[in-house]
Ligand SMILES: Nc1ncnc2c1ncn2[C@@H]1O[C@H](COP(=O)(O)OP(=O)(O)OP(=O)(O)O)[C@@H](O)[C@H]1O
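First, one chain by itself in structure tokens, the form predicted on its own.
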């Protein structure tokens, strides 16, 4: 029986926190935090700079591990997964729009969007077709052959959004989605 059939939360943080070593001791970046999200929910995390929003997203998206507590994605405890399993989970399950967008400058918009699918083994033609459809959804299909430096800041952000929801993603995380400044 699938996790969805059991109504397992898509994301669950249970006493999750993150502490980093610092010069004068440790620095608490987050938590501990309890958070449960179900499929179809839309949640905005707001707070001042330095309050742990990016750390929360990094833990939620399996980009970092908590130093305390537990994070589960679709019922899977991230602490029990090997690095290769975490990478596969991020490619297939989590879409992430990074604060600095993380577009690869040597790839076109189309190539940036299709990259997660290609890395996951999709055939090139199928990956590019899905990437074109994602670019169409963000109204950038006409700029598919442009490189990131040839796009405005807002267009780059839309390419990053298209890349985040291409493929079978069930969870979309966006770090500062409305606060992008142009480089």
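Since the model is a prediction, treat every value here as computed from it, not as a measurement. Residue numbers count along the first chain shown, from 1.
Unshown form predicted together with the named molecule; subsequent notes refer to it.
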Worksheet item: Just one of 133, 126, 27, 119 has a heavy atom within 4.5 angstroms of the named molecule in the model of the complex, so which one?
Response: 27
Item to complete: Go through 49-57, 32-40, 154-162, 136-144 and give me the stretch that gets within 4.5 Å of the named molecule in the model of the complex, heavy atoms only.
Response: 49-57
Worksheet item: Should residue 108 be classed as touching the named molecule in the model of the complex when contacts are defined as heavy atoms within 4.5 Å?
Response: no
